[in-house]
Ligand code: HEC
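Here we start with a single chain on its own, the form predicted alone, put down as structure tokens.
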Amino acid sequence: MHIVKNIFLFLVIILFISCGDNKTTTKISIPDNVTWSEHIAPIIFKNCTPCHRKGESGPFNLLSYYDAVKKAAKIKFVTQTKFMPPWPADPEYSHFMGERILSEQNIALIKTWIENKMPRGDSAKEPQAPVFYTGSFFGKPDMVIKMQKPIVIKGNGTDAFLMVKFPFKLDSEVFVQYVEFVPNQRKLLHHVNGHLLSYDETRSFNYFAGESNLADALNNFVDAYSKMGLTYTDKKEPALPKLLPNVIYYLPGYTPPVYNEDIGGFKLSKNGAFFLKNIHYGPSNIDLLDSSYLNIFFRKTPPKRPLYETQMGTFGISPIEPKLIIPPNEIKTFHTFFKIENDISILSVNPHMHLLGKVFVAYAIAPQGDTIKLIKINNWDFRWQYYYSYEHPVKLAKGSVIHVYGTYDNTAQNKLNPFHPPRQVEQGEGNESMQTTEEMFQFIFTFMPYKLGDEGIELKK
């Protein structure tokens, strides 16, 4: 009986957001002789290899014909089921840059090739595997900042929350386009939030001294800064350096969005440190060391259009209705909304839930009543949480209302449910809400103040 309680609301939401979706049928034509060289290698190298290589999220390499043959059965299964490439967002609802979606034609080609014993074809004509820079998803960075010492992750079976500093010193100030956090313990990393600390050269400081990492201090950051050597040492006010928030971010499957040269970016002073305010590791049963690092990518010009970020829902600007409490043996839907106070251009969106997440939908209602589709995820997967960047900025006029719905499955049928039998799950306080076994409901979006013509900007791919 409990499950029925929210099923009706869930179905109404799905029916509403699906209205107007136009699905087209594409005719599939398969050649008589499908070969690796002519048909399959281009598909694999474009859609699979960027992640299936050393140091990235793929569990095995897909850099050659022989790599593909060894994993043929798995490749057929994950492409037929559309489990891979991972792209949770519904392409029938909204579109984003870099969509990792195989066409029905390509899926059929892979299936045919494998069922026909994987002919190689003319090896002299097959494309060369792409060459990547080891240690980065994007290429060679302009600067790499490593941890002062590795983080010890205790194998006690509980979540770990820490603060970590990455100090640096430059000969002159530079401008940064984006920062890439490269996880060392990728399977344990739940999330990372990081800021930039910039120091006034006319004052005294020694930010290379002190502890390199500490247990998360929650709101007592002044004491934590002092222990980590991040405060000024001249006993003047203010005691803390200038802080630029949210310049580093990480979630499973995440890569930082890369925008055009005139969008985003920030200045890097000669003296400073990146401060991971919160780095969250999931439970481990064995002691491990983490040596994650930062790749810094410069830009040539000062920032022209600064970016801003806000979040709705948990810890955000809008309350969750009803309160985020998910009773056992229920499928329950929650809602949050926010009215936009000025014209803005949204560049990226980031939905966030934990293991009980099932469906996520966000859209805006314009002042004149039009619906602006933002994102829909029909089958939430905690392992793949992207910052989805639009192909063009999406204008939301002043007075538009963003609506977000999240559906959670706290039944035994949810294979990812951390509790058996199911128990009540809710949003905790502070770090409690960030634990993998608790829940969150967030909609984070990156935006800039609207300028005439923003809708026509083609964002960099």
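Quick note: we count residues from 1 along the sequence shown, nothing fancier. Values in this document were obtained by computation on a predicted structure and should not be read as measured data.
Unshown form predicted together with the named molecule; subsequent notes refer to it.
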Worksheet item: Only one of 100, 277, 190, 358 has a non-hydrogen atom within 4.5 angstroms of the named molecule in the predicted bound form; which is it?
Response: 100
Practice prompt. Quick one: from 95, 195, 383, 82, grab the residue that has a heavy atom within 4.5 Å of the named molecule in the predicted bound form.
Written response: 383
Worksheet item: Any idea which of 74-82, 156-164, 370-378, 308-316 reaches within 4.5 Å of the named molecule in the predicted bound form, heavy atoms considered?
Response: 74-82
Fill in: Exercise: residue 404 in contact with the named molecule in the predicted bound form, heavy atom 4.5 Å
no
Item to complete: Check whether residue 52 has any heavy atom within 4.5 Å of a heavy atom of the named molecule in the predicted bound form, and answer yes or no.
Response: yes
Item to complete: Give a yes or no for residue 419: in the predicted bound form, does one of its heavy atoms lie within 4.5 Å of a heavy atom belonging to the named molecule?
Response: no
Discussion item. Against the named molecule in the predicted bound form, would residue 399 count as a contact residue? Criterion: heavy atoms within 4.5 Å.
Written reply: no
Fill in: Sequence-ordered residues of 47-81 touching the named molecule in the predicted bound form, heavy atom within 4.5 Å
47, 48, 51, 52, 57, 58, 59, 60, 62, 74, 75, 78, 79
